[in-house]
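Read the single chain below, which is given as structure tokens and is the form predicted alone.
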């Protein structure tokens, strides 16, 4: 069967207000050279899904710049390829809610015309901030073999009460049929299957669900569609065993980024056979390490100049670390400049941030110090 992909770029922007003030969740930088959406896009392309629509709502200029024509993902094609689905708002729209689509179902309503014009049989729906390396081909095979109406990707995880409250817990029987959903439950702990916010269904079925939701004023896909139809539809769960992270706060972003310093995590996410993670290519010179520089257990992208000390940190493209500067347990995004004798610990510097000579910034892993984009301190 032919397959098209739908990616939601904005619905989780409120989870990371610091990093999404000037960009969508989809275009949040991650892991030296990637953006969040690179993982979902690469998963689709590696699985043979070459017709992809990205639903946008607001603040998506950086996303458009990053995606470009889609050539870096081999999606620059007249047949299929990649398309940004912009908001469908009329000149006479007065309802402010139209400008603030915040749920998966509302986003799908705004993309109905695009979905109806596709000709593929199946659709893969995914959030943009699902950090994993999954083979959608296996998931689609599972969907077809089980003759499901909807298949949800799940991951078995050990949950704290705080973590459970940020996730949808899926309860399935021995055959993989979903029997219950706990939507952002409180006071749930222990090992449970959580939804990865990835699902497969027939495109015509999706259009029927959107039409029914519009007629009844539904807004939540999990509560108003899945939970209400759990007995009438055959909803199954596909278990994913690999690395997974979903970022829902600045501290979680910091933690997930620091996990990349573990070689086992990098291999599980970035070095999977036949499933590379693609991103926008930037032609930069190799990173230059001058005499007296010191780097330990860190990830550095190309185009940097390192004259100082970098330990346990993630340094994006084009960053300069001057003499006497010491960066530890921190993230410095693209084109940052760390002047002489500065010190960073547990900090996140957004793009184009500049620290003048002698500045000292320190946070904590649970509350990292954040410096906004284009700031000078």
Partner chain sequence: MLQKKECVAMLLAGGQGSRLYNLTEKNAKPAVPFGGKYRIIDFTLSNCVNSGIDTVGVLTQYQPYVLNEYIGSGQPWDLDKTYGGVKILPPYQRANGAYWYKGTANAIYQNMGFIDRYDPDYVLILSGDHIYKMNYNNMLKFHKANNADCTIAVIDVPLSEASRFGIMNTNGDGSIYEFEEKPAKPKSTKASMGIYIFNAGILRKYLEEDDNDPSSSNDFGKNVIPKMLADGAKMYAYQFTGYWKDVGTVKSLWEANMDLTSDDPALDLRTPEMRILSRNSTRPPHFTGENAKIVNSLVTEGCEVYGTVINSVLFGGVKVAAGATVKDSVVFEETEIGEGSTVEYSILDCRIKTGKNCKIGEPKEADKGIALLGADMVIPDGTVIEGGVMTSKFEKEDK
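Remember, it's a predicted structure, so these values are computed and weren't measured experimentally. Positions refer to the first chain, counted from 1.
Another form exists, predicted together with the partner chain; not displayed. Remarks below refer to it.
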Check your understanding: Taking heavy atoms and a 4.5 Å cut-off, does residue 185 contact the partner chain in the predicted bound form?
Key -> no
Review point. Does the partner chain get within 4.5 angstroms of any non-hydrogen atom of residue 339 in the predicted bound form?
Key: no
Practice item. Determine whether any heavy atom of residue 295 comes within 4.5 Å of a heavy atom of the partner chain in the predicted bound form, and answer yes or no. Key: yes
Review point. Looking in the predicted bound form, any heavy atom of residue 83 within 4.5 Å of the partner chain?
Key: no
Exercise for review: Have a look at 277, 226, 250, 131 for me and say which one sits with a heavy atom within 4.5 Å of the partner chain in the predicted bound form.
Suggested key: 277
Check your understanding: Considering 33, 351, 328, 66, which brings a non-hydrogen atom within 4.5 Å of the partner chain in the predicted bound form?
Key -> 33
Revision key, fill the gap. Only one of 150-158, 172-180, 295-303, 113-121 has residues with a heavy atom within 4.5 Å of the partner chain in the predicted bound form, and that stretch is 295-303
Point to revise | 4.5 Å heavy atom contact with the partner chain in the predicted bound form for all of 266, 283 and 288 | key: yes
Practice item. Scan 317-349 and note down the residues that get a heavy atom within 4.5 Å of the partner chain in the predicted bound form; none is a fine answer too. Key: 318, 319, 320
